[in-house]
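Form predicted alone, single chain, as structure tokens, below.
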């Protein structure tokens, strides 16, 4: 079941199937907790608490999912386990204590991937000439003078103006795609 369907089910109070789907991620959480000083019962408790928090968060009006739901759930579990270790006055394992990107790293990575996919889609939706011009300039490293010659423009300034128009069109389309993605 796609994440957006899961979110809709949770928001509408019909979370039974959504939670059953999310339970497929329990083994990953159990492994993380057992690797970091816990046992199977700890993993079950943390996972249950994380599901409760996830449902509560999803039902808030201002909630926006910026990563996969499984990544979000894993992040909650990770933070809860870290808090539990502190509460028990137990040392925080290196894996949990020294995450250089912080606990949001999986979500940030997913967000960057999503932004790259949206940018690629925006570029793909440009006309063939715009896409070619931008790829030659940014990816191919060609100078505008060479692009003008290669693409049959009358002058370097024409290529420069066309590059600006194409880049602006790509930015507008990217912004539209980002807005569509945020509303989903």
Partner chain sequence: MRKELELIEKIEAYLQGRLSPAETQTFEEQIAGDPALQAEVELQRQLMTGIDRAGLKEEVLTAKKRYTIRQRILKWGLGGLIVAAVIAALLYYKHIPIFHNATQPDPSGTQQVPNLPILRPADSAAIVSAYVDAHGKKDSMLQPFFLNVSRDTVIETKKGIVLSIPANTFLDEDDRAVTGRVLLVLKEALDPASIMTAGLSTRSGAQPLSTGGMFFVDARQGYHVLHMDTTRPIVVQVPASGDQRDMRLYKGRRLPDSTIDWVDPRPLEHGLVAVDPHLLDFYPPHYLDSLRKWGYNSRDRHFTDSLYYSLAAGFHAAPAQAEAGPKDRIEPQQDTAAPRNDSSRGPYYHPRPCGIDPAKIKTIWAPEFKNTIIATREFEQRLQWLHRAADAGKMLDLYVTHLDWNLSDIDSLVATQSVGEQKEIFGYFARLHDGKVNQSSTQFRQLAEYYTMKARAYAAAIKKTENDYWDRQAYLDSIATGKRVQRTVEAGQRQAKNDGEELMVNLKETYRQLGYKFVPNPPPPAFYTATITSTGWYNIDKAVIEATASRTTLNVTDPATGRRAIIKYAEASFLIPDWKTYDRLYVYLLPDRLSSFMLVSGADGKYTEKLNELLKYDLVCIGYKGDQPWYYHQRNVQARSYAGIRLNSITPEALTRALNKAGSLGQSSDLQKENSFFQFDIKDQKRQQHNRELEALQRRLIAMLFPCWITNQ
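Positions refer to the first chain, counted from 1. All values derive from a computational prediction rather than experimental measurement. Take the two forms, find the largest set of C-alpha atoms that superpose within 1.5 Å, and that set is the rigid core.
Absent from the display: the form predicted in complex with its partner chain. The rest refers to it.
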Is residue 27 close enough to its partner chain in the predicted complex to count, meaning some heavy atom within 4.5 Å?
-> yes
4.5 Å heavy atom contact, residue 94 to its partner chain in the predicted complex = yes
Does the 4.5 Å heavy atom contact test between residue 11 and its partner chain in the predicted complex come out positive?
-> no
Residue 63: touches its partner chain in the predicted complex, heavy atom cutoff 4.5 angstroms | no
Taking its partner chain in the predicted complex as the reference, which of 67, 142, 43, 55 has a non-hydrogen atom within 4.5 Å?
-> 55
Residue by residue through 115 to 136, tell me which have a non-hydrogen atom within 4.5 angstroms of its partner chain in the predicted complex.
-> 115, 116, 117, 119, 120, 123, 131, 134, 135
Does residue 44 move its CA by 2 angstroms or more between the shown form and the other one when the core is aligned?
-> no
Can a Cα shift of no less than 2 Å be assigned to residue 23 between the shown form and the other one, given superposition on the rigid core?
-> no
Once the core is aligned, please say if the CA of residue 9 is shifted by at least 2 angstroms between the shown form and the other one.
-> no
Shorter or longer C-alpha distance for residue 119 and residue 61 in the predicted complex, given it differs from this form by 3 Å or more?
-> closer
